[in-house]
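Given as C-alpha cells, the chain that follows is alone and in the form predicted on its own.
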Amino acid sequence: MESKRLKKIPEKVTIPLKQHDGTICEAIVKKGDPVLIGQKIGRSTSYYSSDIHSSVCGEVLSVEEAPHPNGNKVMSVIIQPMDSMETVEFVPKKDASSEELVTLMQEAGIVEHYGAPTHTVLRPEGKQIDLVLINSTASEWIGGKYKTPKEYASKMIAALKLLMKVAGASKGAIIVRKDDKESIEAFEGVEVNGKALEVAPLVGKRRLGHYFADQGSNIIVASQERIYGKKILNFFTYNVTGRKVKIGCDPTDVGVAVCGVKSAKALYDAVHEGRPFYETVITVHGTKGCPEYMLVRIGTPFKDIIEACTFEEDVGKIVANGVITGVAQYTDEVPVTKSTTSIILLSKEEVLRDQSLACIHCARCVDVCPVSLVPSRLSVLADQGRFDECRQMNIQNCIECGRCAVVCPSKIHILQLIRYAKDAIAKAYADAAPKESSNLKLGCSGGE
C-alpha cells in the first residue's frame, strides 16, 4: 500500500470545476489571483455538489473550458504553480456532530470515485441509510500512504465509523478482495468495540447479515471475489447484502450507502487533520519504470505523470480508469481528477486495430455476462438504433464490465454499443413513463 509522490511541479495545473455528478461549482477566483494549497477555488451551488480546492501554490492564469478525462471539455481553473508548499490553515474537527460532518464533507470536496458527492450518498434526500459499505475490492482505490498495513486497517475502521455517524447507520462493513492477503492480514485481529476482528468470506448464499449475527458486532470485514465495471453498485449491493435494487434505482433506495477507500480516507483526513480533498493516489500501468501507486495532486496533467515513468517505446494510447472499461484519451493534457483511479499506457504495437466481423453466434458473451444479459443481441439492436427493444431486454442492468467485448472472437465493440444505447435511452426517455418487463418491476420503494 506504499505510494510514491510525484515530485515534479507541473508547468500548469488544470482543476475542473466539476469533478462529480450534479451541479457544477461556481468559480470564486479569477485571473491573476494568488492561491495556496487547500484554498477553495470552486463553491457548491446546491446540495448535489462538492467544493473544489487548489492543489498547488501559484497564480490563476484563467478560468476557461479545458479537456477532461471523460472526453468532454469542462469549465476549469488554470493555475501556474510555484515552488512552495504553503497551505491555508487546516483546522481539525474531531468532535463534529453528524450534521457538522455533512457540511464538512461538502466543504472538503469529498466525492466517490464513481462521481457522486459522498454526503449525498450517506444522506440521500427522502431516504434512510441503515448500512454503510466500503468497497475495498480494487487495489487502485487505495486512498493514501500508510506506514504499516495495521495503520491502514485501523484508519479504515475509524473512517467507517465516521461514515456511519454521518448516515445514521447502525451497521457498517468493509469488503476486501479474497485474494488480497495483505489487506486480510491487516484487518485480522484489529480490535473493534472490544472484540478482535475476523475477516469473513462471503461464500455460497451467505451474506453480511449472517456474519453480523455470527460475530455479534455492528462492524465487520468480509472478503469476496473482485467485481469490476462502470455500473457495479446495484450488482455489488445484491452480492454482498442480498438486497435487490430495482431498475432505475440505486443502493440508497434499499438503505445501503456504498463508499470507496478514497472517500473514506478523505473524510478521516478532513476530520483529524482538517485537510480537504486535493490529492489522490492512482496507479500507472504499462511500464516497468512506474511505481504501483503514485500520490499526485488533483489537476496534474497526464503528460507529467507519463514523463516521470520510464517508457521505452512511444506511447500509442492512453486510457484512464481501466484498460477494459476506461476512456481512451485524445490528449495527454487532460488532468487527474478525483475520479481518476489509474492511467494505462499502451505502446503502438499493443494497440489493437482488429476489424470487426459479423457475429458468429458463439454465445461466449452470454456465458461471461455476470447479470445474465444477451450482449450480442443488445449490440446488434444498439447498432441499428432499436433502443425500445434494448430497453425491453433490460439493457440498463448492464454493469459495463467489458467481459463480453474481451471474449468476442469477432472483435465487435459490444461495450461501446451498449453504452451508446444506454445514453440514447437516458435522453429519449427522461420524461416518458418507464416500462416494466415480465420479470422485473420498476419503482424504488422497498427492497429485499
Partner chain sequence: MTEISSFLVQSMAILGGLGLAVGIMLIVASRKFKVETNPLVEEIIEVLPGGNCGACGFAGCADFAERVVNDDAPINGCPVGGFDVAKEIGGILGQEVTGEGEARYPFVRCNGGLNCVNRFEYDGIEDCKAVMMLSDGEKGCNYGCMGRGTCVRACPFDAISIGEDGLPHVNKNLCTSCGLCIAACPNDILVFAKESEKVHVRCVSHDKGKAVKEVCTVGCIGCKLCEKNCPEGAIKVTDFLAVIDQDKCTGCGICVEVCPQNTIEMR
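Numbering follows the first chain given and starts at 1. A quick note: this is a predicted structure, and the numbers were derived from the prediction, not measured.
A second form of this protein, the form predicted together with the partner chain, is not displayed here; the remarks below concern that form.
Quick one: in the predicted bound form, does every one of D354, H413 and R419 get a heavy atom within 4.5 Å of the partner chain? Yes, the whole candidate spot contacts the partner chain.
Candidate stretches 261-269, 187-195, 324-332, 119-127, one within 4.5 Å of the partner chain in the predicted bound form by heavy atom: After filtering at 4.5 Å, what remains is 324-332.
Within 4.5 Å, heavy atoms only: does E64 come near the partner chain in the predicted bound form? It does not: once the partner chain is placed as it appears in the predicted bound form, E64 has no heavy atom within 4.5 Å of it.
Even though the partner chain is not shown here, does N72 get within 4.5 Å of it in the predicted bound form, heavy atoms only? Yes - in the predicted bound form, heavy atoms of N72 and the partner chain come within 4.5 Å of each other.
Does any heavy atom of D383 come within 4.5 Å of a heavy atom of the partner chain in the predicted bound form? Yes, D383 is a contact residue.
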